[in-house]
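Consider the single chain below, provided in C-alpha cells and representing the form predicted on its own.
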C-alpha cells in the first residue's frame, strides 16, 4: 500500500534523483580474480536505483524489467549505447544503437537488414566499418562455437570480390579507405572463426569475458604432460614419429574444443577459460611439430 501511495504521489523524476552509487556487479561465472564489471561502463556513478515489488517499472510509457525488485537506471543512463529489454505484450525484444536503420553515406539508401551493411545494395558503395556487426554476422553464420567452418570460405571470397582494394581503385579516396578497412576486417573475421582457439577467445569476448592468453598454467599435472609432450617432439626421429604425435595432439585439441563448447553453452566461463588454456598449449605444440616436418 505504501509503495502504491509513493508511486502515485511522488513524480518519477524526483524518485530517480534520489541517487546513490551503484556497486560493481560481477559475472557469477567468471574467474574469481578477474571479475568483469557488467554495469559500471553503462552507468554514470550518479545513476540511481529504487526498489519495487513489481517485476517491471514503467518509464515514458515503456516497461523495464527489475532485477530482484531493483531497477537500475536514472537521468544519466546511456540508453542509446546499451541493450534495453523492453516488454511489449507477451514478448521481449532488445533495443540498441545497432538496431537503428543504417543509411548509405553516398545515396542515403536504408540498409535492408538482411545482410551486414558492408556494401550498399542500391549504389554498391562500400560503407564505413560498423563494429556492432560481429564476425559471425559478417560471414553469415549463427553466433555459436560449433560452426561449419567449410561454409565460411565461400562467404569470405564473396566479400573480397566486393571489398578488395584492387577492385575499387577507380573509386573516391574516401571509398578506397572504407574498402581497405572492410577488407581487413573480413580477413580477420575469417582467420578468427576458422581457428578453433581464436574462435573460442572471440566468442567469449562477445560475452564480455576477457581471456588473458599469456596467463601461466600452475596445474602441476598439466605442466608435467606439457613437458612430456615437448620432450617427445624433440626426441622424435623422422616424420612418421612426428605425425603420430601430431595425431595425438589433434585428438587432445578436439577433446578440449568440446569441453569449451559445453562450458560456454552452460555459461561456466571459468571452465571455458581453463579449456582455452589447454587448447593454447596444444596448438603451440602442434606448431612446433609443423616446423620440424
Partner chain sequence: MLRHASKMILGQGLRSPPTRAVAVGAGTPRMYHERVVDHYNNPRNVGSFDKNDPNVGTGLVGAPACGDVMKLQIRVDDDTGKIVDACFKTFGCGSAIASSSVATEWVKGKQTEEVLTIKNTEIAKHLSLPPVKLHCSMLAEDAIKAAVKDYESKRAKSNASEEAAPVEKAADA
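Not measured: the values here are computed from a predicted model. Numbering follows the first chain given and starts at 1.
Beyond what is shown, the protein has a form predicted in complex with the partner chain; the following relates to that form.
Novice: I'd like to know if residue 169 sits close to the partner chain in the predicted complex, meaning any non-hydrogen atom pair within 4.5 angstroms.
Specialist: Result no; residue 169 lies far from the partner chain in the predicted complex.
Novice: Does any heavy atom of residue 213 come within 4.5 Å of a heavy atom of the partner chain in the predicted complex?
Specialist: Result yes; residue 213 sits at the interface with the partner chain in the predicted complex.
Novice: Using a 4.5 Å heavy atom cut-off, state whether residue 275 contacts the partner chain in the predicted complex.
Specialist: No.
Novice: Given that the partner is absent here, does residue 218 sit within 4.5 Å of the partner chain in the predicted complex, heavy atoms only?
Specialist: The answer is yes: residue 218 has a heavy atom within 4.5 Å of the partner chain.
Novice: Within 4.5 Å of the partner chain in the predicted complex, do 223, 231 and 281 each have at least one heavy atom?
Specialist: Contact check passed for all of 223, 231 and 281.
Novice: Would you mind picking out the stretch of 107-115, 205-213, 187-195, 128-136 that comes within 4.5 angstroms of the partner chain in the predicted complex, counting non-hydrogen atoms?
Specialist: In short, 205-213.
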